[in-house]
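Just one chain is shown here, as structure tokens, and it is the form predicted on its own.
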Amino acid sequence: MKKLIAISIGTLLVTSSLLLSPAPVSAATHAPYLHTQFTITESMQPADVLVVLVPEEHGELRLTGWSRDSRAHINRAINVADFTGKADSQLEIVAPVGLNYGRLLLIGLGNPSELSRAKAEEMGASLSSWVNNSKAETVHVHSQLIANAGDNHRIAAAISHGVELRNYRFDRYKSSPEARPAQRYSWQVALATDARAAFEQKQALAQGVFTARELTNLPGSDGYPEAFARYAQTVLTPLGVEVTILGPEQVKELGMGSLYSVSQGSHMKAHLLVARWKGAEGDPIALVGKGNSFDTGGYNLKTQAASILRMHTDKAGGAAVVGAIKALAGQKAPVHVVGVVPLSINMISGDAYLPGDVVTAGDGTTIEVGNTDAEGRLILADGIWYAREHLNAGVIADIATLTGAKVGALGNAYAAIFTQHSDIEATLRDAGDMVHERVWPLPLDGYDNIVKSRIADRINTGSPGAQAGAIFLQHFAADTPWVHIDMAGNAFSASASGIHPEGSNGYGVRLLTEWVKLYHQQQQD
């Protein structure tokens, strides 16, 4: 008897309010991120396209139900094309003899036991692009040539994840958007029960990435602090996440003058979002993300049109935190994690903070504003302090699009990390390698005085720039184990590539999600 298990990947998105004032945000509406549909099966299914995942050195290719003529046609094509099953190779066969499929696509896996998760996800993205360029409405993916059951569902789930990630579209502002990919995929696996669990974990992770992409893609006037916070509340609460939103007056009452100052030039004032997923006991792992919803630079105004046009992406760190919390909650991960997103919008007016002003952070530290365009560390300072002082975090990881200096040092192939804790560094590097959101450590030692101020406890500028940002933030973590992740340059894809569509790509969600699980497990061992 054939077994079919349906998994919907039409996860929810929530639109932000379009209000331009700090009045209460209107009720959010729901729509699907994706139109693609998946089913899991242990038997062949009819489709427009048959995709076969082929290990290297597979020998003669034959599947159950193939006639002698079908095998002869397909294997002759394989021999002529010299298709060996090498990882990431493809062979398309049009109108295969004797099969009720318009096209047959063979995808080489190499040695399945050596195929990495990241490589399999890239194969899924490539498959998605191929299918979207065809006229196929139904796709059957056959994975049963992967003999090892563990490799079978691991690889199938990873490829499906790549399909999902590449198929996302941000089209809410188009009056007549192009049709989104809407194919129906059936995935033939060795053991449907095991595959279902693996697919569901990847689906929850994809939902987190989509949430981060949506939040980051929102223009500044639609993704302002309160709208960001309400959006996050709407998508997280149904998953059992405890969400707290502190408004501007609460931010002031708690003494978080560093956070509050950045938005004081706007009528859209600072907020602080706190989202807790308690899947385990003990002190929480705290993720603190920069949520600057738009960055004009303040009175140190950004003057390059191309640069300021993308400053809605300055909230990508905060979006990554929300996405990671959503993914962990969706996976029902046995971890205790709390996301903290200080939210601001850096604007100019008669009330805006000025270069040379002195502001006071939540821990009492006085800060000279050496540059109003170095606002990210000002809001993160209070976010880190809040996680330490009010949430009793056992470890803190902050993530931000923080410095151009990081881009100069590492480009966008790696995010920079700063920490003095080898266990944090090791687990972050492992997580980054796993999902291909790689990180590279930069030093902290020897830079103690680069944020020293003449008139206050410290200043928010210094050189070298990436180290100055990290040294500045380290103070607010005090004795709590801490790492700073500078993801400047990583959050936006100028064109579609691999698992990323054009635009905001949700960088950091998968890195943080896997790191939280790795670090938690390490602490338990």
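All of these numbers come straight from a predicted model, not from anything done at the bench. Numbers for residues come from their place in the sequence shown, where the first is 1.
One more form of this protein exists, namely the form predicted together with a small molecule; it is left out here, but the text below deals with it.
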In the predicted bound form, segment of 97-105, 213-221, 378-386, 309-317 with a heavy atom within 4.5 Å of the small molecule
309-317
Going by a heavy atom distance of 4.5 Å, is Asp295 a contact of the small molecule in the predicted bound form?
yes
Closest heavy atom of Leu402 to the small molecule in the predicted bound form, within 4.5 Å or not?
yes
May I ask you to state whether Ile499 is within 4.5 Å of the small molecule in the predicted bound form, using heavy atom distances?
no
Is Gln474 close enough to the small molecule in the predicted bound form to count, meaning some heavy atom within 4.5 Å?
no
The one residue among Asp430, Asp194, Asp373, Asp363 placing a heavy atom within 4.5 Å of the small molecule in the predicted bound form is Asp373
In the predicted bound form, the one of Lys326, His161, Lys290, His271 near the small molecule [non-hydrogen atom within 4.5 angstroms]
Lys290
